[in-house]
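Take a look at this one chain, the form predicted on its own, written out in structure tokens.
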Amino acid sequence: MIHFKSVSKIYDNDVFALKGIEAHIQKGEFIFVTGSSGAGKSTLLKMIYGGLKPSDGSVVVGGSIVDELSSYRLAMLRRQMGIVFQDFKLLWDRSVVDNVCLPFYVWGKLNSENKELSELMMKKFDIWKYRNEYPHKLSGGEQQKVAICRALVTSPWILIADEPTGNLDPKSAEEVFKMFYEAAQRGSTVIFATHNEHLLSLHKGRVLKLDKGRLA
């Protein structure tokens, strides 16, 4: 499904973000990626959806080497992914409901069934009441829930979450984890980056721990 083959990433200032990463993630697995701030978690996640290219080695997703894909094929691959970015990447000039429905707008599939799916997802996260508001009027935790809804609503093949519980209270964080776990049960491959040791202690799952760019 996802294979890191001797992946290294060096930034322009000659700092290694990743060093010789070898890892294989099976279809339907729930993987925790953990490590301290600056350990390389975000860099590793970006490699999966082509947000960054390796300096050495390759990342294979579904049989394709990600950094060798054409722009069109990379866009098609990303359509099969749900991504929760650390900085949310919400559209500030669109309402909350428009942000959640964004994948369906992009694909030209915003029909009544998918509108209903979006409504149900927003109700699960208790943000339906904000559907006509703009993201800047919401708290950081509420914005995070909007980003999570957008990632989950299409039942993607791969779910990538970069610190998805960072701005949430413990109860909301547990609810979010449950939603991601249920997605894995339905067949999605989930890569869940967190430095929340308490959350890790509560749940079983394979852990990829990064330490200064290496797998510990």
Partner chain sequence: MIGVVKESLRDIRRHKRASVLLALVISSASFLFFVFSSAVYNLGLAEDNWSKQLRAAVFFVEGADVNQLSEQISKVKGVLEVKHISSELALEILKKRFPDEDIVFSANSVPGFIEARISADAVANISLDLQRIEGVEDVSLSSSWFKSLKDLIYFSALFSIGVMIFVMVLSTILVFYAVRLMRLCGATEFRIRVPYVVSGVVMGVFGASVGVCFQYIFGKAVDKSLSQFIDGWVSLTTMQVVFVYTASIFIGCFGNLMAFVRSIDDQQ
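What we label the rigid core is the largest C-alpha set whose atoms superpose within 1.5 Å from one form to the other. As the structure is a computational prediction, the values presented were derived from the model and not from experiment. Positions refer to the first chain, counted from 1.
This protein has a second form, the form predicted in complex with the partner chain, left out of what is shown; the following refers to that one.
(message) Residue-level question: is residue 76 within 4.5 Å of the partner chain in the model of the complex, judged on heavy atoms?
(response) Residue-level check for residue 76: yes, a contact with the partner chain.
(message) Is it the case that residue 106, even though its partner is missing from this view, gets within 4.5 Å of the partner chain in the model of the complex, heavy atoms only?
(response) Yes - in the model of the complex, heavy atoms of residue 106 and the partner chain come within 4.5 Å of each other.
(message) Using a 4.5 angstroms cut-off on non-hydrogen atoms, would residue 112 count as touching the partner chain in the model of the complex?
(response) No, no contact at 4.5 Å.
(request) Consider residue 131 of the chain shown here, and say whether it contacts the partner chain in the model of the complex, taking contact as heavy atoms within 4.5 Å. (result) Residue 131 lies outside the contact set for the partner chain.
(message) in the model of the complex, does each of 142, 171 and 185 have a heavy atom within 4.5 Å of the partner chain?
(response) Verified in the model of the complex; spot residues all out of contact, no.
(request) Answer with one of 32, 181, 49, 157: the residue that has a non-hydrogen atom within 4.5 Å of the partner chain in the model of the complex. (result) The option sitting close enough to the partner is 49.
(message) Only one of 185-193, 65-73, 163-171, 32-40 has heavy atoms within 4.5 Å of the partner chain in the model of the complex; I'd like to know which.
(response) The contacting stretch is 65-73.
(request) Using the arrangement in the model of the complex, list in sequence order the residues of 142-165 with any heavy atom within 4.5 angstroms of the partner chain. (result) Only 150 sits within 4.5 Å of the partner.
(request) Return yes or no for residue 112: a CA shift of at least 2 Å between the shown form and the other one, with the rigid core superposed? (result) The answer is yes, as the C-alpha of residue 112 shifts between the shown form and the other one by 2 Å or more after core alignment.
(message) Given a core-based superposition, decide whether the C-alpha of residue 79 shifts by 2 Å or more between the shown form and the other one.
(response) Superposed on the core, residue 79 moves its C-alpha less than 2 Å between the shown form and the other one.
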